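First, one chain by itself in structure tokens, the form predicted on its own.
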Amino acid sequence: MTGNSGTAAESFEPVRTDVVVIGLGAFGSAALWRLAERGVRAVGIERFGVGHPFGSSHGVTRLFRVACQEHPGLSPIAGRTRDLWQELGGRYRHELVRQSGCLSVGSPTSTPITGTLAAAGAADLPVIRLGHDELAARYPQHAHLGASDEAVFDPEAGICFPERAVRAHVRAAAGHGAVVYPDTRVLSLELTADGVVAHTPTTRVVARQAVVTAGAWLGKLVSGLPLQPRRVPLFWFQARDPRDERFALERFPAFIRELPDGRVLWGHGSDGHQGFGIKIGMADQGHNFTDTDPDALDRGIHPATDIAQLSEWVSDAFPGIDPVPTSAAPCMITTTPDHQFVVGRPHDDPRLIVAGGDSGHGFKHAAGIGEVLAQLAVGETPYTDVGFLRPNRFLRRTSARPPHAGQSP
């Protein structure tokens, strides 16, 4: 635990509140909204602007899935996210989620098939299973299928809009009385006998609890969590023939595809009216992306190391797409050893709640995780079991002491 940050802000009267939310990306912006709607006095602090492109909550679109191959327990969280986004989108007349469907493709024993079917079965979701011939006939854009490849179509899935959602969360939170400090860096988080103190260059925020949702910076503010930021650029493409409408979103829906040799691609089709192209990325399989320090992220795009491998994969799977990207953007994910999030109180500390470790599949759960965080903060029973996300699953293995609040250099 750090002491005073030693800044000039120590001489000013601190801001006092019930809950301070540190980091207003996917999880934090939603937590601030759900706290404020409950009437909780809450302050949100974001080191960049609201809806910024410097972390992990940007990129115009993200996949939205309800039958989540990563864990059956995620499906109720995705479902709650969908419901909250539909309500909030209706309030502000913004489309936050589009249920255009998602196709999981692979062999019968691949994770996209087995994981999706397990999640659908656990949540009683109405997915559609497509055999090899039906998959090839309905979605000929997916070329070079393996001899046993099949698909599971989730009609409740589709895409979501990250920047739009983050801004809507914060707008709703402010409308219910939350105080928001954008462009404000938390230098350190101090745990005290009575709660927490968040030190910034201009003020101190004194609260009974902190919800720390700092994305790739989470491990710099709360130590002891096995979090590893990864550099994962985003890419957009176009059809080889600009007149080819087969790659529009309504005909080329969101997908996760495991190729016969184990390579995994994800993406979705284009929407000219919304102004986004075909989006395709590689799943992080350990060897194809690199660890990074979020304060020293390489924000350049390099043809040899960033584009060449992805272009080869795109050519193999989708020969109707020009494999040279039309645009790119830097991005990060933050992984955990089991590739599940960390959500909850480290060592059951009543002063501290964390949420992070998105592991590349977090944004679709943003509003649902925000709801869980608000429920934990006010002592409500979460609407679904999140025991598999508890940070203590890691901490008990490594230390008997609670992780301390740290300093962000």
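All values derive from a computational prediction rather than experimental measurement. Residues carry their position along the shown sequence, with the first being 1.
The discussion below concerns the form predicted together with a small molecule, not included here.
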(message) Based on heavy atom distances of 4.5 Å or less, which listed stretch (45 to 53, 380 to 388, 31 to 39, 343 to 351) is in contact with the small molecule in the predicted bound form?
(response) 45 to 53
(message) 57, 184 and 215 - do all three of these have some heavy atom no more than 4.5 Å from the small molecule in the predicted bound form?
(response) yes
(message) If the cut-off is 4.5 angstroms on heavy atoms, which of these, 233, 253, 325, 79, is the one near the small molecule in the predicted bound form?
(response) 233
(message) Can you pick out, from 127, 264, 332, 172, the residue that has a heavy atom within 4.5 Å of the small molecule in the predicted bound form?
(response) 332
(message) How about residue 26 - does it come within 4.5 Å of the small molecule in the predicted bound form, if we only consider non-hydrogen atoms?
(response) yes
(message) I'd like to check something about residue 227: if you look in the predicted bound form, is any of its heavy atoms closer than or equal to 4.5 Å to a heavy atom of the small molecule?
(response) no
(message) Check residue 102 for me: does it contact the small molecule in the predicted bound form (non-hydrogen atoms, 4.5 angstroms)?
(response) no
(message) Please tell me whether any heavy atom belonging to residue 362 falls inside 4.5 Å of a heavy atom of the small molecule, as the geometry stands in the predicted bound form.
(response) yes
